[in-house]
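Take a look at this single chain in structure tokens; it is the form predicted alone.
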Amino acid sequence: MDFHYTAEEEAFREEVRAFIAEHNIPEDEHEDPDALEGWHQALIAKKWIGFSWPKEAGGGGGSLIEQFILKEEMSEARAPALGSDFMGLTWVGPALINHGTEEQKQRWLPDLLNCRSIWCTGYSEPDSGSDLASLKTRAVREGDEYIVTGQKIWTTLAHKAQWIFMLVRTESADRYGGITCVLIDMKSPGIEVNPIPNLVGDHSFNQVFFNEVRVPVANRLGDEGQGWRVVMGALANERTGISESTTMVQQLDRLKDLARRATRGGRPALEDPEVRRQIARFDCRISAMRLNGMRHLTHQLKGELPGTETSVNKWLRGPLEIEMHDLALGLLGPEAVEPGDWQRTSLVFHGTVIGGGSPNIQRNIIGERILGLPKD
């Protein structure tokens, strides 16, 4: 693997840094609609939302390596997100580009690129857990419509979304081939959204009930029975691995800062050999995650389909989150029972660990598809 960048790629990095210096906003303004509006308009003018999407789809037509540089620099600067709809831009848009009709692309892609829409995803169900293929929400076709009945759970931002990118069962005989992807207007009659508050009282997850919801067949993405293929490509796009490691680098920086401020035996905790060893182990594991993400990027640059190596980083992140928070709370000592950033994130990171497939599901994927072990 060649870690050197071309002169053109380095020039693009400098362009990104100059943009950030001119337009970035403080972290405490990342939720301010007025501040974000200016940020989004600047990104839209540069076509950096959907940067690597094809130009004919309204994207920037940028290369994958340039997209990596763009996201890396934005993350380093702790800049706001590239757009207002992470889920829509991460997998709904690419799925539309790969599987959508021309009418579907023209209907939904412009709103995604111009920060005018919010999407949620309907995957998990109460009795399915991480076994996505066991979903039971049904869609029965009647003429030019599907009648959708069932329930989804852990649906992030369903209370804010205008649309849901959703899997339904149109055929019960085939576990994988009987699944279809449909795009449903969240204002449709028969949809009920109930919040699931987390341990600190915040609300991002929801239960969503579908009671004979009518969905036009024109809103089906891909052919009937192709839903598994559509969504597996989307999930692989989510698990690029690079984003996982970037987030953990930022978490480690916070942990190092805490270790400098906390004390052990009257000295900074960062001088304690055991604390230093723990942090060094975290650093090594995060570096391994980053290298694995680069391997995934290399496959993409070669035009290869996303591989199962993306599950490695998803699995590695779970234990890292737990161990890093355990160390942080230990460093805080008696202060760990008081309100604070580490205390709060220690109660809410579990959704990140489970979302997109639990650690045990990732172990099964790694064992069966990478190591060639027999199915459990």
Partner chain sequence: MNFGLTEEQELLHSEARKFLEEQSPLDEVRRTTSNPEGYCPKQWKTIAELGWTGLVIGEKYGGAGLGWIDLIVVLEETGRALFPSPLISTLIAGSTIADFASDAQKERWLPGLASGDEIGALALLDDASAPALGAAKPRATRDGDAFRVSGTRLHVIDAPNATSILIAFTDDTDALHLAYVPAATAGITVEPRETVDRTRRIGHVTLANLRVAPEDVLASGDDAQRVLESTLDRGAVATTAEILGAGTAIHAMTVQYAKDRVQFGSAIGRYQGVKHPLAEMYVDLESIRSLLYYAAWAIEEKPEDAPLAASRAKAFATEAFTDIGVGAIQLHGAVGYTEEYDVQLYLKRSKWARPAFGDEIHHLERVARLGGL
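Residue numbers count along the first chain shown, from 1. If you're wondering where the values come from, they're calculated on a predicted model, not measured in any experiment.
The same protein has a further form, the form predicted in complex with the partner chain, not shown here; the description that follows concerns it.
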{"property": "Output flag, 260, 281 and 297 jointly within 4.5 Å of the partner chain in the model of the complex, heavy atom basis", "result": "yes"}
{"property": "Proximity of residue 355 to the partner chain in the model of the complex, heavy atoms at 4.5 Å", "result": "no"}
{"property": "4.5 angstroms heavy atom contact with the partner chain in the model of the complex for residue 24", "result": "no"}
{"property": "Residue contact check: residue 101 to the partner chain in the model of the complex, 4.5 Å heavy atom", "result": "no"}
{"property": "Contact label in the model of the complex: residue 53 to the partner chain, heavy atom within 4.5 Å", "result": "no"}
{"property": "Residue among 285, 141, 136, 214 with a heavy atom within 4.5 Å of the partner chain in the model of the complex", "result": "285"}
{"property": "Among 26-34, 312-320, 338-346, 44-52, the region lying within 4.5 Å of the partner chain in the model of the complex by heavy atom distance", "result": "312-320"}
